[in-house]
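First comes one chain, alone, set out as structure tokens in the form predicted alone.
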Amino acid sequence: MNPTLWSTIHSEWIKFRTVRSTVTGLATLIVLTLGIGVIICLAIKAHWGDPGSHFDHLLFDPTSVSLGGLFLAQFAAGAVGIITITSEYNTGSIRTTLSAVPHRARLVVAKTVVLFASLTVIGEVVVFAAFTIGQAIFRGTVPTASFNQAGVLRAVLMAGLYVALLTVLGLGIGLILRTTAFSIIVFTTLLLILPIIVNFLPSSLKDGINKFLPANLGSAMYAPLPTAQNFSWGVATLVLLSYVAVVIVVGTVLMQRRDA
């Protein structure tokens, strides 16, 4: 008898919180978000009064700066999603999983629900902590942000959602490629290498492409105020959701058509 969706979600939740590689990935995400954010905030505070920095003061965004650790933490988020599925292919345990849950689409839905729910909670806690610590570091020397200012609460909330969406995007890439190393290379290329390549294009092409890149979509999501170079936070969220949905659907179709 096929297990229900709820029982599949429950089993995937047990697997998610007990696999060592997943726990390590989550710990890395937390350390990078908080640790890098603290280092950036301390460095800015130490040099805030340096001569010649007045123009930077005008453009300073304490919210985005306190979330600066996400630049590296986003790769840990993707890795967590990737290893959730590729670790089973690497060890061969996917055969056991599919024997227990023959309905492959149901298995993907269960993994997606567990990942998205878990990383939304973890992501929100971590980014709120990073924001709070960053503002505490700035207080008294550097301008600070608070949740009653326009766009700040929304920006921090969207930062946590961005982490969760990247994790599910990693899951989709892992479903398609089925190998950890190759999946991480592709994920890193999308977030890091592709923007570098696009920057070498003519301005007429670069400006149009840049706003569609995942990393820039994330920046737009957790920026308190919109910028001319990026989409609004709402449009950016919808575009990233579309990416995630397409990759998950393609991964599910391929999983149904291929042998374990």
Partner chain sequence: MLKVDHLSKQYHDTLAINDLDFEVKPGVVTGFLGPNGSGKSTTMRVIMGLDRPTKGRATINGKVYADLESPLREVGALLDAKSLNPQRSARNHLRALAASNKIPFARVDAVLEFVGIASVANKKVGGFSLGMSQRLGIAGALLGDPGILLFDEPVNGLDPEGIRWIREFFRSLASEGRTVFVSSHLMSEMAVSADQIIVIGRGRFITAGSVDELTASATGTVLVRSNSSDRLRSLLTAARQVEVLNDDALSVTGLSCEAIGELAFANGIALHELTPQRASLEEVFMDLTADSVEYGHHNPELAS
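Since the model is a prediction, treat every value here as computed from it, not as a measurement. Positions refer to the first chain, counted from 1.
Although not depicted, the form predicted together with the partner chain is the subject of the following passage.
A.B. asks: Considering the partner chain in the model of the complex, find the one stretch among 95 to 103, 113 to 121, 185 to 193, 162 to 170 with heavy atoms no farther than 4.5 Å from it.
C.D. replies: Among the candidates, contact is made by 95 to 103.
A.B. asks: May I ask you to choose, among 179, 91, 132, 149, the residue with a heavy atom within 4.5 Å of the partner chain in the model of the complex?
C.D. replies: Partner contact (heavy atom, 4.5 Å) among the options: 91.
A.B. asks: Quick one: in the model of the complex, does every one of 154, 157 and 227 get a heavy atom within 4.5 Å of the partner chain?
C.D. replies: The answer is no: none of the three residues contacts the partner (heavy atom, 4.5 Å cut-off).
A.B. asks: Using a 4.5 angstroms cut-off on non-hydrogen atoms, would residue 21 count as touching the partner chain in the model of the complex?
C.D. replies: It does: once the partner chain is placed as it appears in the model of the complex, residue 21 has a heavy atom within 4.5 Å of it.
A.B. asks: May I ask you to state whether residue 237 is within 4.5 Å of the partner chain in the model of the complex, using heavy atom distances?
C.D. replies: Residue 237: no contact with the partner chain in the model of the complex.
A.B. asks: Residue 11 versus the partner chain, in the model of the complex: is there a non-hydrogen atom within 4.5 Å?
C.D. replies: The answer is yes: residue 11 has a heavy atom within 4.5 Å of the partner chain.
A.B. asks: With a cut-off of 4.5 Å between heavy atoms, is residue 87 one of the residues that contacts the partner chain in the model of the complex?
C.D. replies: Yes - in the model of the complex, heavy atoms of residue 87 and the partner chain come within 4.5 Å of each other.
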